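Below you'll find only one chain, the form predicted on its own, shown as structure tokens.
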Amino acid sequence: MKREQKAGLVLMSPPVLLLIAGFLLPLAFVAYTSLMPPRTFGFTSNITLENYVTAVRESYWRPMAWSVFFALATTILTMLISWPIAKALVRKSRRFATIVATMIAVPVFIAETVRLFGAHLFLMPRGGILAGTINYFFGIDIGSVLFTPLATLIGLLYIYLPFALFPTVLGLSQVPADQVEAAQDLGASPWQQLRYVEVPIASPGIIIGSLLVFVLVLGATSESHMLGGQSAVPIGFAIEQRFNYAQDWPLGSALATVLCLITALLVFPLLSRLDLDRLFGR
């Protein structure tokens, strides 16, 4: 047993060291830089919380609120959209599931900028695909949602739907068909089947999909750049400006640290409920 434990520790050491060097140390560096005096680039002993005060005083909470809103809204909507699609993929024939899964997965391998440019063309006013088609067939001028928060949300749903769908499919594939049939035989309504049978068993896949979407959207900026304009500026864009254009690394680090803390406060409670052993049938 001791030999197996030593072998396990030896095998674990490379990824642990990689995690420390590539994740924990950079985070520690960012957190320490956030305590430096504003617009300084060297390590000093003058530890200060002025950058966090500046972040609140200069209304950086607004882009932070936009990012959290987009992350929560995208997570909820992608899971609601994914659920019926995932049930169809699990229950229908293998050929049907393969075709639909391929259609959803292929765009993931195309550059995000290209896909967002396509969404831009789709949402353009007058000459856009959506507005032009509705105007041609129905004579209705719907205008455009381009350069609005709604356009940003549409882009986020379009980009991150696969990250919610496939974990949900994995979770639903763990739901035994005989348990669903037993619930039906006992008179359970569709809502009761969903609440007491399907969702509890599929919850690991739902949690994984939700975490993936939430964390990725929280730091997303491209959708706002290309579809939302300046209507809703996310925190990732503000952090990028502080580091690149303003050359104010301590303030940018403070904003990044707050973003990491918000992510941890929302993600770790969900991680504590995740049962990977049940998901992988161990």
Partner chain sequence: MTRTDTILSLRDLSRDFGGKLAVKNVTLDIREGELFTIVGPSGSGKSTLIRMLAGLEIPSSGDILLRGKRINDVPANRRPTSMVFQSLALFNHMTVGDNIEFALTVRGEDRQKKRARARELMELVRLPADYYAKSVTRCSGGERQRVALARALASDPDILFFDEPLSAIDYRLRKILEMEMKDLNRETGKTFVYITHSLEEAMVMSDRIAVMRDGEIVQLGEPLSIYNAPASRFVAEFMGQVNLLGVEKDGHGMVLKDLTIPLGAGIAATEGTWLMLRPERLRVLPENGRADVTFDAVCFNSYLLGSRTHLHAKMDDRTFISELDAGMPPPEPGQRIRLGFDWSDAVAIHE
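Numbering follows the first chain given and starts at 1. In this text, all values refer to a predicted model and were calculated from it rather than measured experimentally.
The form predicted in complex with its partner chain exists for this protein as well; it is not shown, and the discussion that follows is about that form.
Undergrad: Which of T102, S173, T133, Q192 has a heavy atom within 4.5 Å of its partner chain in the model of the complex?
TA: Filtering the options by heavy-atom distance leaves Q192.
Undergrad: Quick one: from L77, I201, V90, L116, grab the residue that has a heavy atom within 4.5 Å of its partner chain in the model of the complex.
TA: Looking at the other structure, the residue within range turns out to be I201.
Undergrad: Just one of 160 to 168, 183 to 191, 94 to 102, 78 to 86 has residues with a heavy atom within 4.5 Å of its partner chain in the model of the complex, so point it out.
TA: It is the stretch 183 to 191.
Undergrad: S144 versus its partner chain, in the model of the complex: is there a non-hydrogen atom within 4.5 Å?
TA: No, no contact at 4.5 Å.
Undergrad: Test of understanding: in the model of the complex, would L150 fall inside 4.5 Å of its partner chain by heavy atoms?
TA: Flag for L150 set to no.
Undergrad: L72 versus its partner chain, in the model of the complex: is there a non-hydrogen atom within 4.5 Å?
TA: No.
Undergrad: Any of the heavy atoms of V197 lying within 4.5 Å of its partner chain in the model of the complex?
TA: Yes, V197 lies within 4.5 Å of its partner chain in the model of the complex.
Undergrad: Which residues from 53 to 82 come close to its partner chain in the model of the complex, meaning a heavy atom within 4.5 Å?
TA: The stretch does not touch the partner at all.
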